[in-house]
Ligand SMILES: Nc1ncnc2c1ncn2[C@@H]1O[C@H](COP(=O)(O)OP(=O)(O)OP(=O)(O)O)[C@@H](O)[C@H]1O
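Below, in structure tokens: the form predicted on its own, a single chain.
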């Protein structure tokens, strides 16, 4: 298992998330459409590729990243292209010769703002075109369409077009999920680095996605993280005593693969340079200091706020995160006072805090009225590079 820091991992490099995978497959088997819920860097995309690379018998899987789509036409273009591209067609050959031939024979000539034009000259709107495509496939296996960064697409449409168009896409997908004939043949899985619930709640459209089965992708447990780090040590040929590994886990605290991989990378560099011993806990502290020098690994946490929020919302969120990075915790009553300073009412402030919680910045797990960073490492980086 290679130590792939910040990348999607596949094949032998994937750390098997057995519980999550079993939960997802149970939901698929039950006929649910799924929303994978987790902040960035937790491993949702790697899990999606695991499902694509190793589907259960009776399923055919398509993975589509729609992050760059900033209008409904571009989104549907990506969907239809994925169902026509050679990779998908080739994957069908081993599943069903009949299905493969059907896909080849369905000709989409053009996807435009007016809809989808088929080879027979018929032009249909996106929703009708998708329904026609699925119906004409005569699928003898169930199709799983995994849409990564769907929430980002909705946010892009809100930003570059308007709320009406964003709702149009949300409603189209709900209509597909509610269509029994479509649901018998297709399961949708949505995921992304920002929360779909947070995005749609801001436009009062949460009811449009309330039919989705939300499945949380959690950080590793302490025992899972210990095994994960131990395996990374073997693959990178570094030696850490058991107590040093536990010190690493205590320092990381929020046990998502990214932070564990990042520290193992820095420990490997330390061992290669022969400047520090890895035999004691101090090596972990040095590795954290070295990791914090990688601006590219952390800057997205800051830029995401600028891209996603209005000026007032951004300044509010930044001030809250600045204070927590300095003081370690912050009470909810103090947060409401800051909201007024930035011309936000109490409900707007609460929505903003829910977004920061979902997106992985902060939590109030220990006390509902007190917020703190999920990751002590992110807190240190934020305090050094943003707050000061």
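A quick note: this is a predicted structure, and the numbers were derived from the prediction, not measured. Numbering follows the first chain given and starts at 1.
Below: the form predicted in complex with this ligand, not depicted.
Student: Can you say which of 34-42, 354-362, 337-345, 52-60 gets within 4.5 Å of this ligand in the model of the complex, counting heavy atoms only?
Tutor: Contact criterion met by 34-42 only.
Student: Do residue 325 and this ligand come within 4.5 Å of each other in the model of the complex, heavy atoms counted?
Tutor: No, no contact at 4.5 Å.
Student: Can residue 9 be called a contact residue for this ligand in the model of the complex at 4.5 Å between heavy atoms?
Tutor: Residue-level check for residue 9: yes, a contact with this ligand.
Student: Taking this ligand as it sits in the model of the complex, is residue 387 in contact with it (heavy atom to heavy atom, 4.5 Å or less)?
Tutor: Output for residue 387 is no: heavy atoms all beyond 4.5 Å of this ligand.
Student: At 4.5 Å between heavy atoms, is residue 258 in contact with this ligand in the model of the complex?
Tutor: Yes, residue 258 sits close enough to this ligand in the model of the complex that at least one of its heavy atoms falls within 4.5 Å.
Student: Considering 254, 298, 228, 80, which brings a non-hydrogen atom within 4.5 Å of this ligand in the model of the complex?
Tutor: Looking at the other structure, the residue within range turns out to be 228.
Student: Name the single residue among 131, 266, 149, 72 that comes within 4.5 Å of this ligand in the model of the complex, judging by heavy atoms.
Tutor: Here the answer is residue option 149.
Student: Even though the chain is shown alone, can you say which residues of 13-33 have a heavy atom within 4.5 Å of this ligand in the model of the complex?
Tutor: The stretch 13-33, when checked against this ligand in the model of the complex, contributes 13, 14, 15, 17 at the 4.5 Å heavy-atom cut-off.
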